[in-house]
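Just the one chain here, the form predicted on its own, laid out as structure tokens.
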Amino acid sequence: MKISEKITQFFKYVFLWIITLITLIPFLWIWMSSFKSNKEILTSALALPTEFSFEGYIDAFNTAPLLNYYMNSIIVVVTSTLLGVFLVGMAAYVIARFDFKFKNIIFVTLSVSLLLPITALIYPIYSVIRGLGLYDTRSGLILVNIGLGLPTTLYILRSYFLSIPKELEEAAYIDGSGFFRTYLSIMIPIAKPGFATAAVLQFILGWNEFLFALVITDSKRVRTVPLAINYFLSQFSFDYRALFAAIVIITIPSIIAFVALQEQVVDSLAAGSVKG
């Protein structure tokens, strides 16, 4: 290996380590702080805890309705992820594979929300949810989460469908398979990495969604975990140990979802980068 190649490789590793540390240090600091006492956090924020105490986690569950909010988040996010990926996947398949009038206009219309500031959507979405009688319901949150994830899911799945050879589905049509059977039995199994990527991104988006969960809900009965953090800050802001413990508890599902499906996510992004 030439000296210039070694130098290039060295700087690649340095760059990757810098990015990794920038990503991990904030979470590691929060995780370590969740085992400290309030006094340790305030007097030596960067030091390791003198002893590992789980009292912060006990306080987090005792002082905030985390379990209730957690269950609401699981119901809302899992349902919106499954429905969103399946329904938008069909739209992406049709846009990627069939030619029809106004195809590009429909695609741009479905994607335009990526260009709009999220604050511009608050009142229209609030009015629609009110009009449908879905205010302060899990169904309303599910509907909003599907809509927020629609453009990203559409882009990812359309790109992945474009990377699949047409001969596979043409053979299925010749054998007498219809649209839905071809989509369910042929396209979905082949496009699993694309669906996994879209599902992970939709899951993380829904799990961390705060603004609309605050605007279109009013009771603890349906509110989700991001609002539990807000409740935590407003009522117990002096208890940093419990706050950090709650943040760790809340972020764990997103990390598990990404780690479990990271191989499919990488494969899908590589396939999508070929077709664009």
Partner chain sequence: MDKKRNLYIAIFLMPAIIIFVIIYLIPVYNVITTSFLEWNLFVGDKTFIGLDNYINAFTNDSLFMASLKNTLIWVVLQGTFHVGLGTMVALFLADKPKMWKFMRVSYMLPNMISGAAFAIILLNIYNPEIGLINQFISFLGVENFQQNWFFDTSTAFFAVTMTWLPYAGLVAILVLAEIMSIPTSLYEAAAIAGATKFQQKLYVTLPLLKNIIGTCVLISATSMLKEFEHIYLTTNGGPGSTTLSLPLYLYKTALIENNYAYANTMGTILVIIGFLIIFVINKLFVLGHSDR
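All of these numbers come straight from a predicted model, not from anything done at the bench. Positions refer to the first chain, counted from 1. Only the largest set of C-alpha atoms that superpose within 1.5 Å between the two forms is called the rigid core.
Here the subject shifts to the form predicted in complex with its partner chain, a form of this protein not shown in this document.
Q: Among 190 to 198, 147 to 155, 162 to 170, 69 to 77, mark the stretch whose residues have heavy atoms within 4.5 Å of its partner chain in the model of the complex.
A: This holds for exactly one stretch, 147 to 155.
Q: I30: heavy atom within 4.5 Å of its partner chain in the model of the complex?
A: Within the cut-off, so yes.
Q: Would you please decide whether P124 lies within 4.5 angstroms of its partner chain in the model of the complex, comparing each non-hydrogen atom pair?
A: P124: yes, in contact with its partner chain in the model of the complex.
Q: Determine whether any heavy atom of N230 comes within 4.5 Å of a heavy atom of its partner chain in the model of the complex, and answer yes or no.
A: Contact check for N230: yes, within 4.5 Å of its partner chain in the model of the complex.
Q: Heavy atom to heavy atom, is T137 within 4.5 Å of its partner chain in the model of the complex?
A: Judged by the heavy-atom cut-off of 4.5 Å, T137 is well away from its partner chain in the model of the complex.
Q: For 128 to 144: residues with a non-hydrogen atom within 4.5 angstroms of its partner chain in the model of the complex?
A: Stretch hits, in order: V128, L132, L143, V144.
Q: Does W207 show a Cα shift reaching 2 Å between the shown form and the other one after rigid-core superposition?
A: Comparing the forms between the shown form and the other one, which are aligned on their rigid core, W207 does not shift its C-alpha by 2 Å or more.
Q: Core aligned, does the CA of T217 move at least 2 Å between the shown form and the other one?
A: No, T217 moves less than 2 Å.
Q: 2 Å or more on the CA of W31 between the shown form and the other one, with the rigid core superposed, yes or no?
A: After core superposition, the displacement of the W31 C-alpha between the shown form and the other one reaches the 2 Å mark, so yes.
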